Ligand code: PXG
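The chain below stands alone and is given as structure tokens, in the form predicted alone.
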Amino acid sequence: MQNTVIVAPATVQRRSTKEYQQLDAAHFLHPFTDTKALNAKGVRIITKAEGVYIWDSEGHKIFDAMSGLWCVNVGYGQQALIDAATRQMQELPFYNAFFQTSTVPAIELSALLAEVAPPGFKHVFYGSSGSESNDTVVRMVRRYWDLMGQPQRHTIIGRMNGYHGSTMAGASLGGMTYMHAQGGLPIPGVAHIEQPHYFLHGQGMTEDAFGLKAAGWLEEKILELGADKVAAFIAEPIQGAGGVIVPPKTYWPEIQRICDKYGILLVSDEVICGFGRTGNWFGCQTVGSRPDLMTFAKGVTSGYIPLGGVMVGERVAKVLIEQGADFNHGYTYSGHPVACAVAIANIKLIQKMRLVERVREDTGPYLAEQFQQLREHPLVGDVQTCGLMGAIQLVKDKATNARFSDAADIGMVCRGYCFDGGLIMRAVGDRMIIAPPMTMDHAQIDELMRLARKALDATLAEVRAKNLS
């Protein structure tokens, strides 16, 4: 008997910007937000997007140099992804991965991920976000050591200013102290070392020397905790939310040596760096590390629908599979068929457009050249890029690299001028960062740089007019 009810599509009621802002204030609690302040100001309403651009409800065109939130790698409006979601919704909108059951999209995506991942990664465990994926890492790492007969290997080391999500475990793994201050974090069994931020911690040293010193902080922490107590080290190849911190070239090879020496698992958080962002399929390939686990999300579907997961290397997968023991962990939406179908279409589109090669060989180097020219600006003390990620370090005095007394204020001033000028560039303290869609061409990079310079000039004018220090 056919029980499907056909309902005509509802007509979307269009309201004024003010009406939407009032509804938002009345009902929508936003992430990482002072709700009272936001409600007084009123949110920006985004209504459509195409390519590298978005439009707000007032008709303003804005260059989205943050790919939404580091995720719209193939740009907005890709019909192949829309069609994949539509077909899968019509055929099988949902079924779970419990009850000894699977679905075709989850199986096909797993095989495709194994194809594009570095050698040794043939298995995947799915979630719906980077935060969920890093929670999975905590469970999986500790389960691995239990099965290895070393349950005392419980502690996972992360980095200060690293970001691994905002769930209890994800926020604990990350080193954002303002997040730890809320909710009694970090959870037990998590420790941190300082970040490899040359501008902040390496002045007076060569970058290569600082890279070795920063990596050495891991060995110091392992010895402090006891090598037989440490389960894993987790880090982003390039720190994203921390401000696009690109470590010296000596850093990751030394980190790998230390992990190998003490037999601890290495976890590469690829939520931002994965799927072409750094000029390789995964950031670990760019920095030269050989992780045991890789978390992913964002770029796997280009943000068109939520999906995340953990790529499991053979060292861990072999133990989980061959021990014949349950791994009591998972989610309702693990391997969601619609999300997996979109991910397949997304990865195939990246391959068809050769976007990874394009970032590595063309647009990434061109962006790096343009960023280097910003060093001449009176407000810019340093720039860093890796693939299609970039950071601009704002300083009060270029000669001494002296910073503004309130780093967050100067960043927000610059961000305001970016938005006013039609550019989304994120402020992380006194660093302005970008991660634009990988479909961006040279003309659009030039446009981005014009808008960025305009915002920097306006910020400088305010600094001088108000004598900001």
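Model, not experiment: these values are computed from the prediction. The first residue of the sequence shown is number 1, and the count goes up from there.
The same protein has a further form, the form predicted in complex with this ligand, not shown here; the description that follows concerns it.
The contact with this ligand in the predicted complex, taken as any heavy atom within 4.5 Å, belongs to Ser129 out of Ser129, Thr363, Gln195, Gln370. Between the options Leu69, Leu38, Ile46, Met412, the residue in contact with this ligand in the predicted complex by a heavy atom within 4.5 angstroms is Leu69. Figure note: of the listed segments 80 to 88, 129 to 137, 195 to 203, 255 to 263, the one touching this ligand in the predicted complex, with heavy atoms no more than 4.5 Å away, is 129 to 137.
With a 4.5 Å cutoff on heavy atoms, His164 counts as touching this ligand in the predicted complex. Residue contact check for Arg426: one or more of its heavy atoms lie within 4.5 Å of this ligand in the predicted complex. Contact annotation for Val267: none of its heavy atoms lies within 4.5 Å of this ligand in the predicted complex. Shown alone here, Ile272 lies within 4.5 Å of this ligand in the predicted complex, counting heavy atoms only. Of all the residues from 201 to 239, the single one having a non-hydrogen atom no more than 4.5 Å from this ligand in the predicted complex is Glu236.
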